[in-house]
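Only one chain comes next, encoded as structure tokens, the form predicted on its own.
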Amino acid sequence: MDSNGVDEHQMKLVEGAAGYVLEDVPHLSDYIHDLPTYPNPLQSNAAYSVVRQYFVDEDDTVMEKIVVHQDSPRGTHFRRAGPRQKVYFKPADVRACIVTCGGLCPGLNTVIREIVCGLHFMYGVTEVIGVDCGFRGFYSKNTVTLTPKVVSDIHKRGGTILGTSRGGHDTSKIVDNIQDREINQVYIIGGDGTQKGASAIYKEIRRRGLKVAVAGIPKTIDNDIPVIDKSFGFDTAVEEAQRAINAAHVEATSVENGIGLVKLMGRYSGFIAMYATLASRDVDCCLIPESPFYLEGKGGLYEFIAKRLRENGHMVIVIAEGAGQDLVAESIEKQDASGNKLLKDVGLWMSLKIKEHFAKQGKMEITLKYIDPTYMIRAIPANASDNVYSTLLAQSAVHGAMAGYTGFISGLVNGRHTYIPLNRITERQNKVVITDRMWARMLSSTNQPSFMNPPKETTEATN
């Protein structure tokens, strides 16, 4: 419990008629009473003068699930993102900071740019700083001043101008630094591990009773964050993956019995591999972590490869980095600084196993080319679609923080921008559902077998 008798670990639930449930996000007024409010500066913003309705209604919410039956309850809702009529910060008093954590992803610089520009041009905030190299930068690195001029063209570059790192999270030191620097808005860009850190920062800030808004922007190139429609950078990753698949297809079709093997990102979720396969239509087999497969015997991968080579004379295989880890010998059980399991290079392992198998069989001579575009994909600038999406995510976060919301992430749910409690995106990972229509569409595209384990052979008892 905090000093006001409110359990900061308890989700704010608002129940209504017909099974309506609002999973609300925390607000500064939950633990700081009698906070003054101010008119939203957007009322006098020339750019917004053409907008018929400046502000989001306080009662506007967005459904988590839009497909329901006639008698289904209205279900879970989230607070709709957007500017409010009243804000809880004077623009002149705002001192904001931005930090990026975890791996690289297309669109990171766009999010940074639009937080800075959104604060400056929409709300008149002039003090924004960037934290160097992830969470540890709060207490071990210098900060950089961010202005619209500094960030004007960073969206055209890959990576993050602030630098990034994994781990280094020390809640007490981070919040001490936030207090010492008199920061009152914290924007944290990162994946589920990063947002767990953001949640710890929010709870410590709340425990100390500080007027500091904590806003998260979820980042994962793998698209494995739950609740939201998709993560920024995902469209760019799928588009760039096409280049590797096209190269593999050219290599495979240029020789007799050619195989192009492409490893794509997807530690626990195979969304990039699945969508890239669907978009390409040149892929013969897609292997992802959610769908186990086996190599030897009837119905196995080797048999399918031989069959496809006899039919077409070439083959393209796409494999997600987390697929088949149960098959890889001497699997590594160590973890990186973010707590992610360190995986063996399944692509390289698979290429060697395929070559060894066909060499041992001696019936078919193959030529296999292995392509790993992982770091090329995540290091490129965002495409047009992701640039727009990143802009809206950043602006939604700014609107939420200025309105006094905290301990939330901004995310797209059913096409509408919303504020989602931090715990909802850290409680599980989004995965490809192999009983879903999208996976069925992918199987229909490749005409690959499901690779379910073959039934055990049974023998009839003889009398």
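Just so it is clear, the structure is predicted and the values come from calculations on it, not from any experiment. Sequential numbering from 1, following the sequence displayed.
One more form of this protein exists, namely the form predicted together with a small molecule; it is left out here, but the text below deals with it.
Peer 1: Please identify, from 286-294, 365-373, 270-278, 95-103, the stretch that has a heavy atom within 4.5 Å of the small molecule in the predicted bound form.
Peer 2: Of the options, only 95-103 has residues within 4.5 Å of the partner.
Peer 1: Considering only heavy atoms, tell me if R84 and the small molecule come within 4.5 Å of each other in the predicted bound form.
Peer 2: Judged by the heavy-atom cut-off of 4.5 Å, R84 is well away from the small molecule in the predicted bound form.
Peer 1: Any chance N109 has a heavy atom within 4.5 Å of the small molecule in the predicted bound form?
Peer 2: It does not: once the small molecule is placed as it appears in the predicted bound form, N109 has no heavy atom within 4.5 Å of it.
Peer 1: Should S165 be counted as a contact of the small molecule in the predicted bound form, where contact means heavy atoms within 4.5 Å?
Peer 2: Heavy-atom contact with the small molecule at 4.5 Å: present for S165.
Peer 1: Check whether H169 has any heavy atom within 4.5 Å of a heavy atom of the small molecule in the predicted bound form, and answer yes or no.
Peer 2: Yes, H169 is a contact residue.
Peer 1: Is every one of G258, K355 and F358 within 4.5 Å of the small molecule in the predicted bound form, counting heavy atoms?
Peer 2: Judged in the predicted bound form, none of G258, K355 and F358 sits within 4.5 Å of the small molecule.
Peer 1: Within 4.5 Å of the small molecule in the predicted bound form, heavy atoms considered, which of G197, G233, G266, G324?
Peer 2: Filtering the options by heavy-atom distance leaves G197.
Peer 1: Exactly one residue in D192, E240, E127, E204 has a non-hydrogen atom within 4.5 Å of the small molecule in the predicted bound form; which is it?
Peer 2: So the residue touching the small molecule in the predicted bound form, by this definition, is D192.
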